[in-house]
Every structure is written in C-alpha cells, then in structure tokens.
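We begin with a single chain expressed as structure tokens, specifically the form predicted on its own.
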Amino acid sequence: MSTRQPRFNQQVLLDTTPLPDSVPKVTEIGASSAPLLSASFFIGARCGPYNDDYMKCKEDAHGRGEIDCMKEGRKVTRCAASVLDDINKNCLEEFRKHWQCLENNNQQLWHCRRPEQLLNKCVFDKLGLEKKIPGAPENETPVHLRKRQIFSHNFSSIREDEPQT
C-alpha cells in the first residue's frame, strides 16, 4: 500500500472568463426538471426550428459543437424561456398542478394525465400550441388522449364521459 495520504480539493472552481461578444447573451431558464418536463412538448412545438438548427450545427462541428454552436444553443434557450413565460402568464394554475403532480410521482407522466389534459387544453386555447409526441404512430390514439390509462394508479380520475382534449 501507498504511504501517501489522500488530499481532497474542497474548493469551488469558477471560470470567470467572459464569453466573446459574438455569443448572444441570454438569461438561463432556472427551472427544475418537473416544470421542464411538463412544458417540453410545447417547447418542442414552438422551438423546433431552433432545435433543428442547433442539432445540425453540432453534427457539422464534428465534436466541437459545444463551442462552435453557442449561438444556436442560446437561441434554443431564449425560445424555451419564452414558452415558459407564456405558459406562466396564461396557464399558471394548470401548469403548476401538472408539474407538481410530476414532482410527486417520480416524473412518471401516466400518473398525471388529468392535470396534463387540463394543461394541454389551456395551452392550446390560449397559445395555440398542441402537444404532439414525436414518432407516435399516426393511426393510433396518442397515449395522452386515451380514455383509460391502464398503468396509472389513479386512472379513474379521467372519466370516460368527459371530453378528451
């Protein structure tokens, strides 16, 4: 065995080097995972072109995407922040119920379909954004619109006599 004693570095290292002026400034979103998951499909609906540009840039950068694609990444962040702001301004109560349900149910969407349906309706009515799951079969009812959620421990909260949004 070695006689050398271990040393642990307990200091926080901060990089104070400012970003170049060519990188647009943007305020970080500052949201935890539950609100981001709750709004993710709406962010995808509005910010799809920005996301595509960012992913194309990363693909073309051949491993240097984090550095070379900062402009595109900042556009994605700015767009996502605008979606969250709009949802907070127009559908705060429904949004809060849905992300709190996700937070309390280990981020499992199937346990929170009723609050999700209310949020989807509000966002569609007030913002015109519709939830679409990428890669979902077109000839089947999307999972979030099904009348019976078979995996939910609380599927009875979605009643069949209520209109599905």
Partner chain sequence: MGVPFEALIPYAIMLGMFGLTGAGLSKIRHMQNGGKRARHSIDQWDRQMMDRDRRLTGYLRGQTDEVAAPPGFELNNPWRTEKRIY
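Small disclaimer: the values here were computed from a predicted structure and weren't measured. Positions refer to the first chain, counted from 1.
What comes next is about the form predicted in complex with its partner chain, which does not appear here.
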Margin query: Residue-level contact is defined here as any heavy atom of the residue lying within 4.5 Å of its partner chain in the predicted bound form; does Asn51 satisfy this criterion?
Written below: no
Next item on the list: Find out whether any non-hydrogen atom of Glu103 is located within 4.5 angstroms of its partner chain in the predicted bound form, and reply yes or no.
Entry: yes
Notebook entry, point to check: Does at least one non-hydrogen atom of Leu84 fall within 4.5 angstroms of its partner chain in the predicted bound form?
Noted result: yes
Checklist line | its partner chain contact in the predicted bound form: Trp99, any heavy atom under 4.5 Å | finding: yes
Item checked: One residue of Leu109, Leu36, Met70, Ala45 in contact with its partner chain, assessed in the predicted bound form (non-hydrogen atom, 4.5 angstroms) -> Leu36
Next item on the list: Tell me the stretch among 116-124, 26-34, 131-139, 56-64 that has any heavy atom within 4.5 angstroms of its partner chain in the predicted bound form.
Entry: 26-34
